[in-house]
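Below sits a lone chain in structure tokens, taken as the form predicted on its own.
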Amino acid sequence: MRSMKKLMLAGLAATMLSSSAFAEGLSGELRVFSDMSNPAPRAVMEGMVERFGAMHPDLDIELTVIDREAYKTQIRNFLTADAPDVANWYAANRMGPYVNAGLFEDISDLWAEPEFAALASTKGAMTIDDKQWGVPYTYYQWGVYYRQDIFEELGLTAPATFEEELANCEKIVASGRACYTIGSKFLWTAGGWFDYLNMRTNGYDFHMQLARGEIEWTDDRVRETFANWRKLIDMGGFIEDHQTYSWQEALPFMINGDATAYLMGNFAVPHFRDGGLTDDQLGFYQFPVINPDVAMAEDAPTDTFHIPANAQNKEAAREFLRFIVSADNQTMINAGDALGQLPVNAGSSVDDDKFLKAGFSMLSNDAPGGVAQFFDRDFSAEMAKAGMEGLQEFMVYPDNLDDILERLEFVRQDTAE
């Protein structure tokens, strides 16, 4: 652990205090706990504390940074016994245990403020029991990264519908390539495929009801999701033996042109570039429409800040959360030389990067159905583990679907008891 007192930055204070968006007269102590322990995120966290401290010179801010893995094991203890005023964590199901235990503060009053309308894309991920329990500060898109040059060679365009996707895939397979690379050795990549196929087949609300254990895995609508998935499997759409590769080990198939696309998070882009692909060769498209009657929803894992229920300075904590989600702050902390990710605030500016700009536009303008957090964040830990094992098995042995769904339904019922 390390603590840091606020730094007085006179010039910055004068600039920031000119804004009427922030309250004046904050005093006392504000204790902030963070798991942003890697060098770049840590610098971002320290910078936010410095800037907020400059705005509120009578407020004594103490930042405690804890190693990320240690933070995961300590959070319940410190929320219970010696709670800070602000703590960072994750959205959706990952915050559920602390909401249900009464350890996070209801901040629906903040979300009712006009400025919070700019965060609408992630409101669902911050909502449990129709109340909001934290604020987002960064996220990143998932989607289909593809070899634009190979598509041009084959006379293909990025598909807007699943029918177009299947037609493209037929031509790609006929050319001797796989449509998709994937490394499912560590299971979670298969979870991404299920997320998109289920949200496109049945919609975000259905997907989240399944994640909460409210829908049976043997439901015909779930089977329809797997039927759509099997169309790609049966035509040879995925690389062979993907269960033996990690997600990084699957990258060369696309870099070398043996596969033409990868359903993946934006964190893969630097690896594509390091492998020699230029931005002229590499493209990005939103996972295509399957059911036109459901609104488009996206996977965009979101990192968050919360006010512990046992916080001592909730007034200052609320003001810090307002600061965190402000457009200017989110522009700064998500810049390429900072987090290198996406601001959640629709009024923020995005780093001048082809794929970050594409992701921000998609999540801000083309995700009306909602933003999911990813399979192993949205589903309970027990269900996520069993679920991802079953999803990988289905990709290798699709004829096992009935057995897989029965096993997953048993886990759902067992965890619901």
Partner chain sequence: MTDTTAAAPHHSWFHRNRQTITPWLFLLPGILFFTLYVVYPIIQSISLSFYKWDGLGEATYVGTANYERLASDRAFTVSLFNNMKWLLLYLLAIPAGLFIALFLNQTVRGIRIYKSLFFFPFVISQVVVGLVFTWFYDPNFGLLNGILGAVGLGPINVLGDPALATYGIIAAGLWPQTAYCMILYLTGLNAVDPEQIEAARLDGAKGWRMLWHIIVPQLKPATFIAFVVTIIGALRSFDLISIMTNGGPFGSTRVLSFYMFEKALSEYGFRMGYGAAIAVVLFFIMLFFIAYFLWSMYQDEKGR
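Numbering follows the first chain given and starts at 1. Predicted model, so just to flag it, every value in this text is computed and none were measured. C-alpha atoms forming the largest set that superposes within 1.5 Å between two forms make up the rigid core.
The following text describes the form predicted together with the partner chain, which does not appear among the structures shown.
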Whether Y98, V396 and D414 all lie within 4.5 angstroms of the partner chain in the model of the complex by heavy atom: yes
Residue contact check: L363 to the partner chain in the model of the complex, 4.5 Å heavy atom: no
The partner chain contact at Q243 in the model of the complex, heavy atom, 4.5 Å: yes
S348 within 4.5 Å of the partner chain in the model of the complex, heavy atoms: no
Touches the partner chain in the model of the complex: E389 (any heavy atom, 4.5 Å): yes
Candidate stretches 65-73, 26-34, 364-372, 50-58 - the one whose heavy atoms come within 4.5 Å of the partner chain in the model of the complex: 65-73
Of R94, R318, R200, R177, the one that lies within 4.5 Å of the partner chain in the model of the complex (heavy atoms): R94
Option touching the partner chain, based on a heavy atom within 4.5 Å in the model of the complex, out of Y140, W217, F253, F104: F253
Contact set, 345-376 vs the partner chain in the model of the complex - heavy atom within 4.5 angstroms: D376
Rigid-core frame, C-alpha of R212, shift of 2 angstroms or more between the shown form and the other one: no
P252 C-alpha moves between the shown form and the other one by 2 Å or more, core aligned: no
